[in-house]
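Only one chain is shown below, in structure tokens, and it's the form predicted alone.
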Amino acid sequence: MSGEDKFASLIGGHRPEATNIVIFGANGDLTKRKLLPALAHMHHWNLLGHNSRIIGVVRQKWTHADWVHYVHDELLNYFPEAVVNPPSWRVIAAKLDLVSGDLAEPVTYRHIAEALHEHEGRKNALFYLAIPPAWYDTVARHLHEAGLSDESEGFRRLVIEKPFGMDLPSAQKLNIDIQSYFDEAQIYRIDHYLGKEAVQNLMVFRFANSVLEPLWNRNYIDHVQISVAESLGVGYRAGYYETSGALRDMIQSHLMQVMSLVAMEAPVSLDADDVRDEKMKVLRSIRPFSADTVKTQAVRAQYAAGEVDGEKAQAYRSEPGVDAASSTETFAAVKFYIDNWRWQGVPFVLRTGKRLPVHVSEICIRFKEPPQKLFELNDGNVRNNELIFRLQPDAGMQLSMTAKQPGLSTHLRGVNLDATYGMDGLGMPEAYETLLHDVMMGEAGLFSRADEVEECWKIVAPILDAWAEESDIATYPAGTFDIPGMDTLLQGCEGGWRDLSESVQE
């Protein structure tokens, strides 16, 4: 099998139809860091439809040459292989087109419509809103008024990035506004975490194998930990982060979506709505929070000055663009209970934070101890069985088991069964490559439906309300897990917090 065929098989082996990929905010940070490299990589592996185009929309008065030069320079920074090969770059450059104009002006959208009709037979359009959420309604309305939501000449799909609102009322308003211009089936709410290989493998691992299904319930699983730890601070995102915080930024969106995949029942098919129906059943089964349970099941903190990777790190309140009296949380952990037959009484603990000692994302399924201890767990080095799904670094799976140490004694030791996801040295497609490919193919299973988004906001609303009333916030030294109250969340859970540094060392 050729390298191209192997890589294509990683994304499904299907090549989309020719598509006009219209990027609003084409000179923004998301576009240069993620979208352009993803599209160039897809072109490299022959995963863009023949004669597809990449149409940038910018407010600056750029020429077509300005756009081509911009794409060239940014790909040189983020995916140099696409431009150092002259034949490859010429093909990419030939796909580039530009519309320059104000997003608030109808004439801009008439120019987009003209660009879509310049080439006969290429009327499919993907509109990617790589712009601040405040513009989503305006752009969707103007696209509709210009006739660009009409699918009579080809598919029209709208891709929006999180945050999908900042609370339940704003999410409901956003959904109502956008759905008045585009059908729900045309709207793709992108969550790059759901494009990660380890997350996608959750469903396959659960429902294509019979070995663990009998154990995947309250009888054998003690608790579940879903963790995203970042060693970096807020960086250039301080303006956004001040209005968001860790709970909104990560738990309400990424981690609750992952939790629903871990906990869901088998769907009747892989149709997008069948999958999302099962995820919704999980979300609707989550035990509601009260003012009292927020105190015992949710922890927040903010990083203070410290040391990360041997270098001094300033406090969050000292970061550029951050209020010196800010009470925004940079760490959040929440314990959820799913009140259904499969998961009754099993804690799902989600944690995320910045300026932590390691950069790790993983799902840990911690199993219960055997009902009778025939063997002593020697000097505390042997822990409960765990199944780890590593998202990063080195995406893969690991099963921790207990075995006998070599020799005449019955001393025990832990052994790990490890499997990585890479294939034949080709690695894996990045999340945005997978998700963009799915949008062009019309596969919506990895995208959030309107009711999912609203249900997630409804669940965390009591936590947000309780924290909004508190002006004081606990702190933790940057580069540590010394977070006040963190250990109380796992009281009664076997084994305590998993040491995330193990995922870096293993």
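A quick note: this is a predicted structure, and the numbers were derived from the prediction, not measured. Note that residue numbering begins at 1 and tracks the sequence as displayed.
Absent from the display: the form predicted in complex with 6-O-phosphono-beta-D-glucopyranose (BG6). The rest refers to it.
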{"query": "is_contact(L247, 6-O-phosphono-beta-D-glucopyranose (BG6)) in the predicted bound form, heavy atom dist at most 4.5 Å", "finding": "no"}
{"query": "Proximity of K354 to 6-O-phosphono-beta-D-glucopyranose (BG6) in the predicted bound form, heavy atoms at 4.5 Å", "finding": "yes"}
{"query": "Heavy atom of E230 within 4.5 Å of 6-O-phosphono-beta-D-glucopyranose (BG6) in the predicted bound form", "finding": "yes"}
{"query": "Contact of Y193 with 6-O-phosphono-beta-D-glucopyranose (BG6) in the predicted bound form (heavy atom, 4.5 Å)", "finding": "yes"}
{"query": "Residue stretch of 100 to 108, 341 to 349, 193 to 201, 405 to 413 approaching 6-O-phosphono-beta-D-glucopyranose (BG6) in the predicted bound form, non-hydrogen atom distance within 4.5 Å", "finding": "193 to 201"}
{"query": "Listed residue (Y240, F207, Y337, F367) with a non-hydrogen atom within 4.5 angstroms of 6-O-phosphono-beta-D-glucopyranose (BG6) in the predicted bound form", "finding": "Y240"}
{"query": "Contacting member of H142, K279, R157, H254, with respect to 6-O-phosphono-beta-D-glucopyranose (BG6) in the predicted bound form [4.5 Å, heavy atom]", "finding": "H254"}
{"query": "Neighbours of 6-O-phosphono-beta-D-glucopyranose (BG6) in the predicted bound form among 389 to 406 [non-hydrogen atom within 4.5 angstroms]", "finding": "Q392"}
